[in-house]
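Below, in structure tokens: the form predicted alone, a single chain.
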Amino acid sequence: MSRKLLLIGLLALLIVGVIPVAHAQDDGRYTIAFVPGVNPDSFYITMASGVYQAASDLGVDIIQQDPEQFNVQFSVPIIEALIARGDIDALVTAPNDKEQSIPVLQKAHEAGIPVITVDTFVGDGDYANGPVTFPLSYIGSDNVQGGYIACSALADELGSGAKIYISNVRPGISTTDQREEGCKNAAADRGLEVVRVDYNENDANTAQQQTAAVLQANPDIAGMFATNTFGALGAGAAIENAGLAGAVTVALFDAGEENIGYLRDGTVSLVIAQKPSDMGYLGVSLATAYLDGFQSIPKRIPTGYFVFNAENVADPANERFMYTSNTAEPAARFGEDFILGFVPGVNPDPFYITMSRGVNAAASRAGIQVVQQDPEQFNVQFSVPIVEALIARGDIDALVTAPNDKEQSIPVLQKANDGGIPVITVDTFIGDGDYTGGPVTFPLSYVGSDNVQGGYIACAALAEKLGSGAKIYISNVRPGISTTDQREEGCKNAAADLGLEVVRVDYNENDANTAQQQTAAVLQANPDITGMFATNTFGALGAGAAIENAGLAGAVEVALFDASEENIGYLRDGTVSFVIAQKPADMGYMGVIAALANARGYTSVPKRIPTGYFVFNAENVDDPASAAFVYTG
């Protein structure tokens, strides 16, 4: 019952809710404010390198203002002044306090400035369901995991029963609170005793004094964890000054140059590197996407870790994970020397034409070249030769594609990847779509809708209209297409949960005429069918035509997937009741952004970017704000 209520509630939200699109400059050259947590700090200097690289790649301007201390007393006036300027299009910032930073960021949001938080967060960091939801995204490490990694490493070195010390900043900072929590969790799980936690107010001298005093008072402490750069610097200096290098096993958070030096000389055993440059690059990229009108911004992007130890610290390949205090000019934009291959599922198709607009909008912003090749049918017999030819060109830098089959498309995409062409799948996927833990993991990202959810939404809407016991029909494409398989699955799940009977499923091979003939035959043979779900554009077109021709508009409640102009027409004239709109332009745009980030060496591109839905009904179809979700040919 809880699942049913949750998804019906989600349906209601989707039907009535339209996300406002941010305003755009006439020339598209936005001004994005960047307010780091504090500077000078090698972590935030490194983050700034990602911020300015994204700005260079995407043609936006950055205004950076740095708090002198990691404290809301310094950051709040800066943000207030930025709001007052009146020319800031978006704000990328690392909040100094998860509660005290909320009012000023809320004020920015209410002034029409979209907010993205990097490294730190406000509320509990769950911007989808938590107490604070107005920020677009939180981009940063999983800090509980980071603390756990650090203190698990201490446990590996020291064994159960060892005593450890934690040097933290102050309570109320989201990230360092979580690192302390993660360390304590590891200590509890692994049998370590946390003797003491001190708070150094982000001051390396204070951290050094505290560490020296604790080690003197507790000579049986065998391990230590410092939760950020300044605590790490103080801890390292105290250990070094006390001549305890090697006698106390130390895990430091943040890969500043000094901390790496402590690792190299044996003062510490482990340095946990975050990826601040990734945070900065993705923060500016997502802000730009939103300002360009593309709304599928992930509410959470975890950026992961690299763990330095004595064995890997000298490897040149790992230098990119070290923080630097040196500011440098960003690399030149890619330009037309960067060639992105785009292979949609099939064309002509308003869904993929709309997706192409997103691809080309992102490519135009970045100044890169797109080579688009369209299969004539949604079939691997047509798409595989196209991808083979793109590989053979030898000049394709990335491939954005909608695979025609989740299994049969694997070999050619694997060949592309093996040939040095990163692969991003949009709309459809290969394997099971889990590119992190599934059977196929080589694609960089899968950008698309949650199609089980989409099918559930559609048939939950039918159930609300028809009631328990109603009979419905499903028009699908063919087994083996990842997205439409899942939509059928989601519809059947809703039918089982809500008491609908699925009389029949037909497969139309992506042909509207076939779908029309099948639908007409099923309705004639089963006059007690009162509901229908079509899983994609061509099935929807055929279903709509068959309903219209049979004069059954209103007698059979119909939910169609994909918001083509024809399907919206069927909704307007009463032939169908619901049209489920995906966001194909968002898929295309975000696919290009993922390719660019990867090409710059940023490793935190999400393996999954969900793009959500908009549900059209008779009440909202003519709302001008809804027009952005209609596919156009």
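The numbering used is simple: start at 1 and walk along the sequence shown. Small disclaimer: the values here were computed from a predicted structure and weren't measured.
Keep in mind that the form predicted in complex with alpha-D-tagatopyranose (T6T) is not shown, yet the notes after this line are about it.
Site test, 401, 446 and 589 vs alpha-D-tagatopyranose (T6T) in the predicted bound form, non-hydrogen atom cutoff 4.5 Å:
So, no: the whole triplet misses alpha-D-tagatopyranose (T6T).
Contact of residue 41 with alpha-D-tagatopyranose (T6T) in the predicted bound form (heavy atom, 4.5 Å)
Output for residue 41 is yes: heavy atoms within 4.5 Å of alpha-D-tagatopyranose (T6T).
Using a 4.5 Å heavy atom cut-off, state whether residue 349 contacts alpha-D-tagatopyranose (T6T) in the predicted bound form.
Outside the cut-off, so no.
Using heavy atoms and a 4.5 Å limit, would one call residue 179 a contact residue for alpha-D-tagatopyranose (T6T) in the predicted bound form?
Flag for residue 179 set to yes.
Is residue 175 close enough to alpha-D-tagatopyranose (T6T) in the predicted bound form to count, meaning some heavy atom within 4.5 Å?
Residue 175: yes, in contact with alpha-D-tagatopyranose (T6T) in the predicted bound form.
In the predicted bound form, the residue from 378, 230, 456, 262 that sits within 4.5 Å of alpha-D-tagatopyranose (T6T) by heavy atoms
The option sitting close enough to the partner is 230.
Identify, from the list 269, 428, 274, 536, the residue with a heavy atom within 4.5 Å of alpha-D-tagatopyranose (T6T) in the predicted bound form.
In short, 274.
Any idea which of 360-368, 78-86, 507-515, 117-125 reaches within 4.5 Å of alpha-D-tagatopyranose (T6T) in the predicted bound form, heavy atoms considered?
Comparing against alpha-D-tagatopyranose (T6T) in the predicted bound form, the contact stretch is 117-125.
Quick one: name the residues from 244-259 with any non-hydrogen atom within 4.5 angstroms of alpha-D-tagatopyranose (T6T) in the predicted bound form.
Going through 244-259 in order - heavy atoms within 4.5 Å of alpha-D-tagatopyranose (T6T) in the predicted bound form - there is one hit, 254.
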